[in-house]
Each structure stands twice: as structure tokens, then as C-alpha cells.
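Coming up are structure 1 and structure 2: the same protein chain in two forms, each one given alone as C-alpha cells.
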Structure 1
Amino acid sequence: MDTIHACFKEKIGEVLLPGDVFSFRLPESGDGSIKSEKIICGPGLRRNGEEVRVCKSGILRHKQPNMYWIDSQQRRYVPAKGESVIGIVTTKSGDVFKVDVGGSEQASLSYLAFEGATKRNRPNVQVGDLVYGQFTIANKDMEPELVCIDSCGRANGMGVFGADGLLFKVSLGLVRRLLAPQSEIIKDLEKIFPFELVVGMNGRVWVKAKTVQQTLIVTNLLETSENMTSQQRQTLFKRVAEGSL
């Protein structure tokens, strides 16, 4: 495993550019056969045989045991199957809603793709509403398709939402940090104000706190924490909590 991963490990934490190539030879076992060892290429990396090409500029990251990806400050979103996003309903055409998800084209959302929806019991969805849904179809040859139910037909937190909150956009890198298990940014924010938070993989974030002022403070702290170190962020959050800002 060290033979295959050595070319990656020496570049972890460094900035890579599109076109950079990692080449490696799979080690042979004693009987002359080639051992097959798995490497998972995340966003920004594309594998072709014994080569891995970088297709996005950013910093190479690694997660044990064998996952590698490029951490970039990309803002343009490319829909991917299974990802949960925040969309804005733009039009209603027959039995289908058109939803803006921030990609190159709008996604379609059937009125039957809600929990408990039937032909007689249609969901109350209006143009301009925010919806939290998941992609079931997302590729370059077909129109993206959203649903607001899981595989069991349950909403599971998806559907129409967003009354009295604030929607704003951040980089996809910050989104991944917010969605990480035990996110440090979320933990630090919870010590200041209680708030509701919805994060979409398309870079959209919705926040609602007790008052409009607190909502704006949480929004500004989220946006400014993107380029801060952990120590800088904690110092800023502490000053806000003490009321010195």
C-alpha cells in the first residue's frame, strides 16, 4: 500500500493545478500477478489506468485509509446524484416544478415527490419557495431531477422550508466543512446564539435565529470564518459572545 500511496502522500497539503499527473506501478506479488489495491478519488481527481489526473486547482487532502480529493474554493456547482441541495422554485408547469439549484440548468421536481402527496392531495408549493431535496438523476446528458422524499417515502427533513430566515451563498469548500461530522465552526457558533441552519451541497446556506439581528450576526460569522484559522475564529466568536463587537 505504501508503494501506491507514496506519490500522493508527499503532495498532501500542497497546491495542485489542473493537468498535474500522478503515475504509479502496481506492485507484483511473488507469483508474478499484480496486486489490486483500492484508491478512492474524490472531487478534483480522475483516475485512468495507472494514472491519476488533477482536474481542479486546490489543495490535496487525504482521509484514512485511501481517500484523496482536491479541496478548492469553487463556487460553481455541478449537480451530482445523491447530493442534498437547497433550491428555489421558479415556475410551475403542469405536474412538475422547475427549481433553480445554482447549476447550469434548472432541475425538475414532481409534485408526487413529496411525503404523502397524491393526485388529490397536492403539496402546497408556490413560486419563490425554498425546497430542500436530493438529486435522483444528475448527469450531463439528462435534466437534473429532485425529490423531497427518501427511499422509504419519508420526508426525513426534506421539503418546503425557509419562512422568516435568510438565504445566502458560500463556497463549496466551506459547505463541506459545515457538513463534516462534529463541525468545529457549528460547535463554536452554537455557544453564541441558538439558531436553525440548513446547508445545501450547492453552496446555499439558510439561517434563522431568534431575532433578525442575531440572524445577520450568524450569517456574517459564517462568511468570515471561511478564511480564518481555528484560533482566529474562536477569538472572533468569543468577542462577539462578550458583546465587544
Structure 2
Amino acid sequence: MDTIHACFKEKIGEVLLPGDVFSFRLPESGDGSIKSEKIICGPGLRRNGEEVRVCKSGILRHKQPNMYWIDSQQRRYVPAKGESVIGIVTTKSGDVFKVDVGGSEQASLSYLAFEGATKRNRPNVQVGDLVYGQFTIANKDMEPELVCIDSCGRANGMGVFGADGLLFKVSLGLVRRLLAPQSEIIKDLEKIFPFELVVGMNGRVWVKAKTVQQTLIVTNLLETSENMTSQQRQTLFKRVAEGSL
């Protein structure tokens, strides 16, 4: 039980580079009491026959009971199925909108993929609008497809948004931290002043607060909290909260 997990355990929390190999020499099959272990390789790890190779540089993370993955930082987004992203509508051609999601190709969004949309009742989407949607098809061989509707047919928060506010780009690692269930950054930010926030997994964040100045303050705080430890961040937020009162 311990051979495979032990190989990984000593490297949890360490920085690994692409090309690092975990090879397991299983003991000779003399005794039949070997339990088969199952390990789930997450993003950044790939199995190659009898060994596991690292594909991306980053920190090895572990989640009970048997999931391992590499936590890597990158700014370039690669569309993946099921992820919710913020896109900008670039063209309207026939029944389909072309949406820029920051990937290598523009995604297509059908006009029927909105809540309550029928052939007669077209959604009110113009070029330049912001849309929040999910990918239904996203692989390296075809252009990705977005929908603003979930499997039951309800919008569930997706669709066109953002009459005002500011859209800016951050790294994918920060986006994952913001979207974590108990995100400390969000909790600390809430204490300063109220604002609206939409986070897309393609690294795009949209913010709107009561005044333009507050919007810009929130934008700057989010951009700088990428490279700060939590303590530095909390002192900075406290300073800003006192200064704005």
C-alpha cells in the first residue's frame, strides 16, 4: 500500500519540473497479498507505462484519498469542457455568435442557447457585449462551443451582463484561488465595501462597485494580491479600508 504513495508523499509541496519521473518498482509477485492501489493523476501528471511523468512545472498537491496533481501558474487559457468563462461577442453571423474567450480560436455561441430563446424570440445580444457561459465542446481539434444555459434549460446566472463595470485579466492561478469555496481574498474584500464580481476561468474578472473610484480600488487590490502572502494582503486591505472611511 505504501510503495506508490510513499514515492509521492515525499514530494508533496515541492516544486517539480517537466520530465521528473516517479517510477515504481513493484515487488516480485511471490506473495499474493498485494493490494492494488489506485491513484488518480490530475492535471500536469501523465502515466507512461509503469511510471508517472510530470508534464507541467509547479507544486505537487494531494487530496485524500488518492488524487495528485500539479498546481501550476499560467496566463494563457486553454478551453476545457465544463468550465465557465467570460467572453466578448465579436461577430454575429446567421444563427451563431462568435465569442472571444482568450483561447487560440473563437468560440461559437448559438442564439438558441439562452434561457427562453426560440427561433422567433431572439436574445438581445450585440457585438461587444460580455457573456458568461459554459463550454459544451472544447478539444484541440474543433472550435469550442459555448452555451448560456444549463442542462435543465435554466440560465443559472449565465448570459449577457455588464452594462458598467470594468473587465480585466489576471493569471489562472489567482482565478482558481478566487473560486475556491472558502476564498480568503473574497472574504477580506467584502469587508471593505460592497461590489459585484464575476470571475471567469479564462482569467477574466469583471468588477462593479458604487463609484468609479471604488471599482478601480477593487481592481488594483485583486491584481496585486496575486503575488502577496496572505499576511501582506491583510495589512494592505486594512490600510485601504481605513483610508477609504
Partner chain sequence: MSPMKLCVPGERLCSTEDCIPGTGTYLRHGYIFASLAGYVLRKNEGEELPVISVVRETETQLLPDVGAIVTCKVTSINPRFAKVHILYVGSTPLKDRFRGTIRREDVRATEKDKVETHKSFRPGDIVLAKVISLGDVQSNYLLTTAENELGVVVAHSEAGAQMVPISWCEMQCPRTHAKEFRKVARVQPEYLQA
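By rigid core we mean the largest C-alpha set that fits within 1.5 Å across both forms. Note that this is a predicted model, so its numbers are computed, not measured. Numbers given to residues start at 1 and step along the sequence of structure 1.
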Mind telling me which structure is the form predicted on its own? 1
Core-aligned CA displacement of P181 at least 2 Å between the two structures: no
Displaced residue check between the two structures: E50, CA, 2 Å or over, core reference: yes
Kindly check if the Cα atom of P194 is displaced 2 angstroms or more between the two structures relative to the superposed rigid core. no
Here the CA of K63, compared between the two structures on the core, is shifted in angstrom by 2.3
